[in-house]
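The data below hold one chain only, encoded as structure tokens and taken in the form predicted on its own.
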């Protein structure tokens, strides 16, 4: 099969993925083999080809955290899926290839009305949004949430999901033009990431601050997002696009009893991912069918042009997801 070749330890690191031939993977018990029709890019893929973010032990070393396609082969002890089923999958790796092995707990059927390209843009962003809004963030109806770097794939889906959870949704980022495109998806207000953010949040909510921050940016401005929280507010740190360092007022965190939670999805066990997928699907299935929830696709590239897609991901300015059609 053709695939993005795994990063080797004995070559110079590169930001350019290389396509080549690898042996077809074989499904074990509780797994299926999927013929990949499309996959999507994530920041984690860019880090992986630089040699900075290896996959969890035992998982495919080929990049790719999500895919859509058709089941070709089912492994032993698989009764709920059949060859030919149209599926989308959350992966720990392996999606940027013509075939990939998937644990059955990380599969979801592709709803009617969703094509392979759209379906490929959904699993990683949807499960990241669900994990951090619900499992980690405990967002409730009538609460408020601030999502930073919200024009990203994760951010654009998190806005929709928070809206469907009944929350008030505020978004913040560097590009007001891209943020404004989130209003039809459920964003009540679009705010710049600057020192005025806490004051702007309180003015919009006419109260002490937001209940939850989904932090996709990180960096020195993290203190501003903490200041935008109400007493006993929660911040879930999901990304560090703005850098890994920040200076925080620990006294303020103590006084206002704030909670900061670090969250990653890829490193979680297959069992935990299966629970998250099941919970998300129970909530989202009808909403995906009637299109209240929809992945946002910025651009689709053919597999042969995946290097161009990686280059665009690194340049930034993407609204939603970059999809690779295989």
Ligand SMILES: NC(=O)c1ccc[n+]([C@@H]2O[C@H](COP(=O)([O-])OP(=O)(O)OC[C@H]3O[C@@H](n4cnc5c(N)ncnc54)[C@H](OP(=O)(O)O)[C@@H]3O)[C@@H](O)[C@H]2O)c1
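Values in this document were obtained by computation on a predicted structure and should not be read as measured data. Positions refer to the first chain, counted from 1.
One more form of this protein exists, namely the form predicted together with the named molecule; it is left out here, but the text below deals with it.
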property: In the predicted complex, residue 33 touching the named molecule (heavy atom, 4.5 Å); result: no
property: Residue 94: touches the named molecule in the predicted complex, heavy atom cutoff 4.5 angstroms; result: no
property: Heavy atom of residue 20 within 4.5 Å of the named molecule in the predicted complex; result: no
property: Residue 154 within 4.5 Å of the named molecule in the predicted complex, heavy atoms; result: yes
property: Interface residue in the predicted complex among 186, 198, 75, 242, criterion: non-hydrogen atom within 4.5 angstroms of the named molecule; result: 242
property: Among the candidates 149, 71, 133, 226, the residue which, in the predicted complex, approaches the named molecule to within 4.5 Å (heavy atoms); result: 149
property: Stretch in contact, per heavy atom within 4.5 angstroms of the named molecule in the predicted complex, of 227-235, 200-208, 159-167, 124-132; result: 124-132
property: Contacts with the named molecule in the predicted complex - residues in 163-184 whose heavy atoms fall within 4.5 Å; result: 174, 175, 178
